[in-house]
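Only one chain is included here, represented as structure tokens and corresponding to the form predicted on its own.
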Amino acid sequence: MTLSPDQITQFEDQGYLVVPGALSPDRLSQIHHEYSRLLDRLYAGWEAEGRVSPGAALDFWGKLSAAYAAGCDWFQPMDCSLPGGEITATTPMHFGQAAFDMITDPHLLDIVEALIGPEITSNPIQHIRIKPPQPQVRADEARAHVTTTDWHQDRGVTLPEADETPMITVWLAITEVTDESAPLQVIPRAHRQGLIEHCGWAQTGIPKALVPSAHAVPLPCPAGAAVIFHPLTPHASRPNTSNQYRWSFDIRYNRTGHPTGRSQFPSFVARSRARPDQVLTDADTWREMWQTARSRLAATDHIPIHRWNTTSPVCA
């Protein structure tokens, strides 16, 4: 799969692009299978501890709901990253074969190559997002990966070292995203205005006064679609007012040889026409890179993941 000249023009002009069918049904099935097995193991552990009711009759979504209601955290154990806050030697994370195959999917890399060139690094700023129906979300839930995501730019949640890095975000719909199930919304053409000031609240975000949200465009899409956007495109997610979970991944790629914006986390070369010998092809090595980073970061002082605080008048 590659992009047409019209699609490339739309991305450059509007700052975003929706590409249906970016992930094949087989790839989606592999992801579902891997994460279902992971949740089964997690749930069995919570069940053994007496924290959740027996789950033999529950499917994937039922186990997610029961675990969340019981205060059992499935987000971090499923996430393909370490958290931005405290990291310990046992902080859970998930780096499996299906996740690696998704990130290195040749169809996705063809799309990325059309936008940033053939020397592609898998950027370590990447997350799973599984959003319950909003009535199930606890009132104190602030994690953008679980509840509503505030307006932000992806360049705004990196460190300044990556401000000139050619980079794109690829947001992947694992389930269908309807108008009700927390679709992404973007502000077309706003990437041309540069970096907007953010505030370091519980979610790092843009103050409402600085967001021209009247121009926001929601982006419902089928399962397997990719929403691709420029790192300066303001975006957010609506509340999930449906009765279904919304599952997505957001992953990033940057041009190899440029700072990732989160250098304390490991990146890898996903494609190289010039140096194909540098391409990582082994999921076990990917997992080991993150395990090594976890051990190192657990033994050091916390490293901030963005540049913002709440002292600016616009954050009041």
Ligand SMILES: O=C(O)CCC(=O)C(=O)O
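One-based numbering along the sequence shown. Keep in mind the model is a prediction, meaning the values are calculated, not measured.
Note that the form predicted together with the ligand isn't included here; everything after this is about it.
S.K.: Tell me which stretch of 54 to 62, 35 to 43, 244 to 252, 285 to 293 has a heavy atom within 4.5 angstroms of the ligand in the predicted complex.
M.R.: Selected range: 244 to 252.
S.K.: Are any of the heavy atoms in H235 no more than 4.5 Å from a heavy atom of the ligand in the predicted complex?
M.R.: Output for H235 is yes: heavy atoms within 4.5 Å of the ligand.
S.K.: With heavy atoms only and a cut-off of 4.5 Å, decide whether K131 touches the ligand in the predicted complex.
M.R.: Answer yes; at least one heavy atom of K131 falls within 4.5 Å of the ligand in the predicted complex.
S.K.: Answer yes if any heavy atom of H94 is within 4.5 Å of a heavy atom of the ligand in the predicted complex; otherwise answer no.
M.R.: Output for H94 is no: heavy atoms all beyond 4.5 Å of the ligand.
S.K.: When the contact criterion is heavy atoms within 4.5 Å, does L184 count as touching the ligand in the predicted complex?
M.R.: Within the cut-off, so yes.
S.K.: Tell me, out of T149, T165, T121, S81, which residue has a non-hydrogen atom within 4.5 angstroms of the ligand in the predicted complex.
M.R.: Comparing distances to the ligand in the predicted complex, the residue within 4.5 Å is T149.
S.K.: Work out which of C221, C72, A144, M102 lies within 4.5 Å of the ligand in the predicted complex, going by heavy atoms.
M.R.: Result of the distance check: A144.
S.K.: Could you pull out the residues of 159 to 195 that have any heavy atom within 4.5 Å of the ligand in the predicted complex?
M.R.: Counting only heavy atoms within 4.5 Å of the ligand in the predicted complex, the contacting residues of 159 to 195 are T169, W171, L184.
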